[in-house]
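One chain comes next, on its own, written out as structure tokens in the form predicted on its own.
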């Protein structure tokens, strides 16, 4: 990994500088600014984790809300018995294990069947937990008793987001990343060239899910109580999908570039048109699919390529 960082020292330096500046935000930002950045980091981390698996393999998953909710509920249960850091780590482990079980049974599906199953998975877990809470625990919610500050949540999510982006980029540069992309191009050919497609798919699906559960657990520290409707809200699945597609799911920085404008737009719409947010989200999805099939990163790459070609033409003419 150090060799890769040395080869891309410019990007590495910019990333380190950006991370250092973002770490200083709590010193100057108001509570509103911190809250906005927390939501932003959560969306960036979730979109990057989604693109890590689905963007490369083209297994379009709508199970983000399921693993996000698993993380929330794991934190709500564990924080009573162990310290907060252990509960957060436990949430990531539980998300990983749940995804292993789900992956073993579902990653044989492809296309629309996989999409429908992952969407149904969120609703299934939601309804089962709802039934359990009402019939067995005789309650509809769980209280979370913590004194974790917004600053600590901000710092934790910043670290999670940076690790997720750098980790996704690193994997894309090594054999595992090549295997993921080979599966996305043609899984049969990838299998015949020696890629253990089952192992690669399940491992990366579980890694992606563990990040989603981790983000859910950290965000849960902001809530005084949670219930199944809060934890398993399908809006997360669609918003993360839109963010990844808007930025460009095939690039490590793509989901982040899509999540930033989407979160800012969502913040504006939620305040100005609270009853029309879902409609606006749907319109964004239609516009992205129709007008930006490659995402923002594809547009930037085309612009830079044309600029480079223009400079080369000017140099040749001179």
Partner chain sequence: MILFEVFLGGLLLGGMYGLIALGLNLQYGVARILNLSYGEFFMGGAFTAFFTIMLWKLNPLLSLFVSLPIAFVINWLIYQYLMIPLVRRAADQDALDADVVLVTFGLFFVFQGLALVNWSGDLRGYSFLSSPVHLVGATVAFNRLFAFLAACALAFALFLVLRYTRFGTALRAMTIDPVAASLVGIDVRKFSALAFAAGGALAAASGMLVSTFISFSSTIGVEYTLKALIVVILAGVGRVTGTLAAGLVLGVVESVGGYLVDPQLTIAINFGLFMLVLLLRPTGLFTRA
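The structure displayed is predicted, hence computed values, not measured ones. Residue numbers count along the first chain shown, from 1.
There is another form of this protein, the form predicted in complex with the partner chain, and it is not shown here; the text below is about that form.
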(request) Specify the contacting stretch among 120-128, 87-95, 202-210, 160-168, defined as having any heavy atom within 4.5 Å of the partner chain in the model of the complex. (result) 120-128
(message) Residue-level question: is residue 116 within 4.5 Å of the partner chain in the model of the complex, judged on heavy atoms?
(response) yes
(message) With a cut-off of 4.5 Å between heavy atoms, is residue 109 one of the residues that contacts the partner chain in the model of the complex?
(response) yes
(request) Determine whether any heavy atom of residue 105 comes within 4.5 Å of a heavy atom of the partner chain in the model of the complex, and answer yes or no. (result) yes
(message) Taking the partner chain as it sits in the model of the complex, is residue 286 near enough to touch it, meaning that at least one heavy atom pair lies within 4.5 angstroms?
(response) yes
(request) Could you tell me which one of 82, 77, 151, 134 places a heavy atom within 4.5 Å of the partner chain in the model of the complex? (result) 134
(request) Within 4.5 Å of the partner chain in the model of the complex, which residues of 57-96 have a heavy atom? Give them in sequence order, or say none. (result) 58, 60, 62
